[in-house]
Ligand SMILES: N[C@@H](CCC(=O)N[C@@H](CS)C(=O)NCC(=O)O)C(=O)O
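The form predicted on its own is given below as one chain in structure tokens.
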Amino acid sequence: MLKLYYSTTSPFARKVRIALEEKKIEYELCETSAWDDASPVHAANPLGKVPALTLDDGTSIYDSRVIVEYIDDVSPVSRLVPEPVRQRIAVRKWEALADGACDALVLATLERKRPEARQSPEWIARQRHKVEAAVAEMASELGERPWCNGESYTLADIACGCALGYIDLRAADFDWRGRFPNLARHADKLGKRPAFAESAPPKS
């Protein structure tokens, strides 16, 4: 059985968990901390990051984008990434935007964990600006459409929902729901899906 190394707060691991659930693939969840030198994730991923997916033959796949691509290819259940080139690129662009927002927020969070005297307010502000710009772009791209890409649920929606959930966790003072009601409605709709509800990050 597939084995997924993850942490409850990682938006990238959540993206993989949702993809596995939506594709109805059986797997084992292995919660771990990449900060723990004894964590088995270091054997599965030389970069020491979650998520990492160990296959039945013992080989591992890492980086959420690579894992999701593998998942989408091995299961015949509805595609998360469309095959037509133009649609596929549009979905991947959404994923890059959402992942980029999460990357920036991770950097800002790590900076805040340093001793206060050594923190760089300018660096934190720069990362925060990236997050806010990414969310504004997502709101603009979504508009009043039912889904992020076209008329069907795709990886674009998964990536978007995971990014917004991570913002709620790490930047609760950012009132993106008030500024972008279309994204708020979309996030609420996604949150009703079992895969989203079951993988929701902790409240704090």
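Just count from 1 along the sequence shown to find any residue number. If you're wondering where the values come from, they're calculated on a predicted model, not measured in any experiment.
Although not depicted, the form predicted in complex with the named molecule is the subject of the following passage.
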| message | in the model of the complex, does Asp63 come within 4.5 Å of the named molecule, counting heavy atoms only? | response | yes
| Contact flag, Phe12 vs the named molecule in the model of the complex, heavy atom cut 4.5 Å | yes
| query | Can Pro51 be called a contact residue for the named molecule in the model of the complex at 4.5 Å between heavy atoms? | reply | yes
| message | At 4.5 Å between heavy atoms, is Val106 in contact with the named molecule in the model of the complex? | response | yes
| Going by heavy atoms within 4.5 Å, which of 172 to 180, 155 to 163, 132 to 140, 42 to 50 lines up against the named molecule in the model of the complex? | 42 to 50
